[in-house]
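As a starting point, one isolated chain is supplied in structure tokens, in the form predicted alone.
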């Protein structure tokens, strides 16, 4: 048992004065809250902003909300988000464009308010080189075996194909977006799409033409026209199923004119590329196929 004079014995007391009065030699330890380190005062796991740091009003609002304002459209930061996409999402959108299904709107099912530019740009560039390379191979195979023929690569086909493909994939969506925006102000309850969403749909709708133009290398004219028909059906179905709800509540004449324009422009792209890059036929010049190709080529050149 501890002695009465033990300065370290534990006693119940009401205040420090009673303890000091009983034993003046006892040692008391006072813990001041001001001495506690700053780290121990703050609970772990909470975000702390130093009082010495100077934050403006906008920065404080962004920290509290967790969001930042969108960058202007002329900066790289604005377009950076359109390239932030996973590979499996690109594959899913390509498969969705190759296998359209009635009632499945491409924007609502596959884009989900997150359009990208990576897939459309990649598809357009691949299609440009596929058309140019396939066109050169087709021209080489047509004249193969002729002693008076000397093969020379036609690099100008790359620039021509790029002009045609990118003009269709960018200018047509721009015109359609402006038209839908104008009609939405004239008529209520119309579905509105952004320019990036329309651009994304048109880019992915061209993916079917990549394997088709490779098939055009084969010396079978019937195979080329059959592949064009299949590509037009698949690509056109994606566009019609996607943009028909945007004008469904509009005037019937506007609906017919809009859908017809979308399908006809797609048809002109496919037939124009076939006529220009794969126009030379292995059949005799007096054949009907050669006459049709000659008329289309003359029309395009004029």
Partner chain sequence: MAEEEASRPFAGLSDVSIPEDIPVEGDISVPMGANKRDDEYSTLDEPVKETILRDLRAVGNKFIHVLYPKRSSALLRDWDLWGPLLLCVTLALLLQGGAADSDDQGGPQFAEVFVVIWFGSIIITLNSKLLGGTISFFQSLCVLGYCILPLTVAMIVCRIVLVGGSGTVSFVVRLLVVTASFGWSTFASTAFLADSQPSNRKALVVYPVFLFYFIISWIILTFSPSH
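Numbering follows the first chain given and starts at 1. All values reported here derive from a predicted model rather than from experimental measurement.
Below, we turn to the form predicted together with its partner chain, even though it does not appear here.
Its partner chain is not drawn, but in the predicted bound form it has a heavy atom within 4.5 Å of residue 86. Taking the partner from the other structure, its partner chain in the predicted bound form has no heavy atom within 4.5 Å of any heavy atom of residue 172. Its partner chain is not shown here, but in the predicted bound form it comes within 4.5 Å of a heavy atom of residue 153. When its partner chain is considered in the predicted bound form, residue 122 lines it closely, a heavy atom lying within 4.5 Å.
Contact with its partner chain in the predicted bound form, judged by any heavy atom within 4.5 Å, is made by just one of 109, 164, 196, 133: 133. This chain is displayed alone, yet in the predicted bound form one of 215, 98, 90, 191 has a heavy atom within 4.5 Å of its partner chain; that residue is 90.
Using a 4.5 Å heavy atom cutoff, none of 105, 243 and 274 lies near its partner chain in the predicted bound form.
Annotation for 96 to 129: interface residues with its partner chain in the predicted bound form are 118, 122, 125, 126, 129 [heavy atom within 4.5 Å].
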